[in-house]
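To begin, one chain is listed below as structure tokens, in the form predicted on its own.
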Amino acid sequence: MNEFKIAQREASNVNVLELRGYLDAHTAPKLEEAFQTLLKTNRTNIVVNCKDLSYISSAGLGVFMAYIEDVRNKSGDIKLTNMSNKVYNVFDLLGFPLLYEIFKDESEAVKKFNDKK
């Protein structure tokens, strides 16, 4: 079984989720739980750092689609960063760049949230 881990931290009032490993049907519930926890505590400015994300399946992509509306309804957003070309191509193929802001670097995404205030 492939490993998947999420590290969570705060950076300048933004919640950063660092994804590591394989995000598939078996591991997607961990990401769901992380989003649910953030939503329950009204922490909706979320940056997902994909630097160490090796693989994402349709189940993983579905988690992002399932939570973006709830996050935006609470005046927040999910911004994606640090994707490898392989992972970016999957997001791009399904049109995610039209729905999500994708940054090369985490600090750019954090700055975008803080510039909005």
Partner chain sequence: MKKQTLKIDSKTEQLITVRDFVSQAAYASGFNDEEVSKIALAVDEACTNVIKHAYQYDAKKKISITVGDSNGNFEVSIVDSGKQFDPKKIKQPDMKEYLSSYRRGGLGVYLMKSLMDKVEYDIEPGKRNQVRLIKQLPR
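Numbering follows the first chain given and starts at 1. Values in this document were obtained by computation on a predicted structure and should not be read as measured data.
The form predicted together with the partner chain is left out here; the points below concern that form.
Scanning 51, 74, 30, 86 against the partner chain in the predicted bound form with a 4.5 Å heavy atom cut-off leaves one residue, 86. Taking non-hydrogen atoms only, residue 34 never approaches the partner chain to within 4.5 angstroms in the predicted bound form. Proximity of residue 96 to the partner chain in the predicted bound form falls within the 4.5 Å heavy atom cutoff. Using a 4.5 Å cutoff between non-hydrogen atoms, residue 58 counts as a contact of the partner chain in the predicted bound form.
Shown alone here, residue 39 lies farther than 4.5 Å from the partner chain in the predicted bound form, counting heavy atoms only. Contacts between stretch 21-38 and the partner chain, counted in the predicted bound form as any heavy atom lying within 4.5 Å, involve 22, 24, 25, 26, 32, listed in sequence order.
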